[in-house]
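Next up: just one chain, as structure tokens, the form predicted alone.
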Amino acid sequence: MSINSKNPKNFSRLENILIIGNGGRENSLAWVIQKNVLVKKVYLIPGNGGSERINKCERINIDINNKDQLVEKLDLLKVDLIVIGPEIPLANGLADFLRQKNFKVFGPGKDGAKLEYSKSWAKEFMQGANIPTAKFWKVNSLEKAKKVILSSSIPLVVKADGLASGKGVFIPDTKDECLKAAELIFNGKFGKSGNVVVLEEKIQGPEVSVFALCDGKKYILLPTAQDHKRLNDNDKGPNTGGMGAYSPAPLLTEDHIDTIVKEIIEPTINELNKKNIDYRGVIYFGLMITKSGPKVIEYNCRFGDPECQTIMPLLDQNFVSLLEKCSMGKLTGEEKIDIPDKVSGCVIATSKGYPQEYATGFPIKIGKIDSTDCQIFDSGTCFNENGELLTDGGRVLSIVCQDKNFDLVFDKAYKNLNKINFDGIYFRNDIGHQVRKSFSKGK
């Protein structure tokens, strides 16, 4: 329902929630939002084959780019809060448009989304705010890239400037590989996203993910997480959108968190305010814990995937109320997130060939799994005419489990994953290797 800002009665209504997106991230958001007793319906545009397995959920078949039809539908459904999941509609300014139509929206405007859709802008943003990050060079031609790469004493990280679905980052071991990566990007591998390339010094250390729900001025931290970007075991192979994750990340001490808050999170929000960017959504901080302290690798303007699937089961029914407060600029600074005495882990099953070329349309068979503290969040699935669940993406689904320690979590996750099958199913066998005691003993 369109919001009349002069009518405060609308501010407390949370009956009908809309989530925009079609991945595992959006399904996990729907799963935790439906827990709230005030919520009667969770709509997903467009959702996927697993969306309607979630309580209170319904998929809506509508083109979000048809703005008039979208607003008409949202009014008809009396939507009280809109949560925008993916980066592309945020980068295209959908949150701005819907706010102009007086809807409550969780998700930054186009100006805030630039933290993700332009890596060079984000690096210059960090530089201006003295936020710790790797040294970088912004280049707009292959010739300039070659000059920087060949003059460097070490191989550099090569990044497409724009959105590339998590696949636009190359971490070469040699200068020759750097040159090939730059050539690939400038030759159109990622379309217009590769018109500019960012070259970065390679920094060392474990990577972690930190999420802050922001209302424009204030923020609240979610549980931390660690993602596994590489395709294959032992962190080998090409970068992907993510092959698995766990939460919280034990390597982050309270001292680390204090440093991250003081040197990264608060300076980021302060710099956004200096630029008159009213950021109402989640800020994802992709960090590397180096010997000299935490440094920002990248920002995302949305929940990470699969970190989101991993974190959501640790949250309670009040989560959707926090999203609403952020959408209205109404965080008090006193909010607390009560985390259960459990940890969570996620393993992604992909189609054969991902993240390159892959085939879809294969039937998915799900056997009897242990559903105690375990969720299946579909990422790339659909139904055929006979109601049969089929693969419909590179990352097909995630198994997420919770328990009192990571050994129990991943034992259960892999046991359940072995009861799921489709032609060409692939997954890493070592997700959580950093925190699995039994895994390290078995090496």
Ligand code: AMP
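Because the structure is predicted, anything quoted here is derived from the model rather than measured. Position 1 is the first residue in the sequence shown; the rest follow in order.
As for the form predicted together with the ligand, it is not shown, yet the points below apply to it.
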Each of Val157, Val169 and Lys229 near the ligand in the predicted complex, meaning some heavy atom within 4.5 Å? yes
Residue stretch of 197 to 205, 333 to 341, 265 to 273, 104 to 112 approaching the ligand in the predicted complex, non-hydrogen atom distance within 4.5 Å: 197 to 205
Although the ligand is absent from this view, report whether Lys119 comes within 4.5 Å of it in the predicted complex, heavy atoms only. yes
Please run the contact check for Thr360 against the ligand in the predicted complex: heavy atoms, 4.5 angstroms, yes or no? no
Does Ser321 reach the ligand in the predicted complex if we count a contact as any heavy atom within 4.5 Å? no
Would you check, heavy atoms only and a 4.5 Å threshold, whether Ala134 touches the ligand in the predicted complex? yes
Within 4.5 Å, heavy atoms only, which of Asn140, Asn239, Gln317, Gln127 is in contact with the ligand in the predicted complex? Asn239
Interface check vs the ligand in the predicted complex: of Ala212, Met288, Val79, Met328, the one with a heavy atom inside 4.5 Å is Met288
Stretch 281 to 300 - residues with a heavy atom within 4.5 Å of the ligand in the predicted complex: Met288, Ile297, Glu298
